[in-house]
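The form predicted alone is given below as one chain in structure tokens.
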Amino acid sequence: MGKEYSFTVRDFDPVHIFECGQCFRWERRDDGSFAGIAGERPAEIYFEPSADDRYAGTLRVADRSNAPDDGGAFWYDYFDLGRDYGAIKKILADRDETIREAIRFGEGIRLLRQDRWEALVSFIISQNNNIPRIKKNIDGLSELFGEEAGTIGEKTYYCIPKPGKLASLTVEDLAPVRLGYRARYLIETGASIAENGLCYLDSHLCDLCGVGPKVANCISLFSMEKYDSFPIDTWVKQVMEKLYGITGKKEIEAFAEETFGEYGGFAQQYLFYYIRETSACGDKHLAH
């Protein structure tokens, strides 16, 4: 079982992509490859950089799902390989030295085009949480209530449970996952999406239980292609105050809109990764 696809890529580093806080279902292995699942597709991800550019080379995806062979279209879209990140980085780098330095630190970041439902569940769980625990919560939720998607080695991967399944559960049912107050959020949000469909997100995202402005911005950026979104969390507040001298949510929003405009989401990821990885204080395992 399985299919393998190969892509020639630029502006690509799987460590930057999978460890910048935008997704939670991938793990780095001892050989530098990654294993995980996107939507209903477990896969192994290998990247071989070229001799003269560590951010260019060959991306190989070993898809271990039962999905029909689409020639790699799913993964091409997932990794946003049709977008010229070099051009985006050049535009942003011309804005100021701070974003220029952040880009140099996270050259290989690409914004994954994630499944809407997966992003919605993931970022509701991410609230006031750290990355190891978010991953454990999502895996536990999927193993108990999701459908089996495939195996890699001895590990079986499971899909995020569907909205109707979550809607049918109780807080007591979810107790083994240790979601805390987020359990009710997932149940009520599952019921809303089961009734109205994912198109409900287009105009009612913040009406969903457990979705505030920051979570909404993450979902919009990572699954709805709203690239002017600029999620503001503890790390972003820190970088804006430390490197730009700006405090206050409204002031940060105004600055991001004026300075980064339609590329706000890309800028946010470079800044987020930069401050989280280089900060002398705090826990870099904290999520958005």
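Keep in mind the model is a prediction, meaning the values are calculated, not measured. We number the residues from 1 along the sequence you see.
In what follows, reference is made to the form predicted together with the DNA, a form of this protein that is not presented.
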query: Contact assignment for the DNA in the predicted bound form, among 203, 170, 156, 128, heavy atom within 4.5 Å; finding: 128
query: Of 141, 218, 186, 109, the one that lies within 4.5 Å of the DNA in the predicted bound form (heavy atoms); finding: 218
query: Partner proximity in the predicted bound form: residue 210 to the DNA, non-hydrogen atom cutoff 4.5 Å; finding: yes
query: Proximity of residue 242 to the DNA in the predicted bound form, heavy atoms at 4.5 Å; finding: no
query: Heavy atom of residue 21 within 4.5 Å of the DNA in the predicted bound form; finding: yes
query: In the predicted bound form, residue 149 touching the DNA (heavy atom, 4.5 Å); finding: no
query: Residue stretch of 93 to 101, 194 to 202, 177 to 185, 76 to 84 approaching the DNA in the predicted bound form, non-hydrogen atom distance within 4.5 Å; finding: 177 to 185
query: In the predicted bound form, residues of 222 to 242 near the DNA [heavy atom within 4.5 Å]; finding: 222, 233, 234, 235
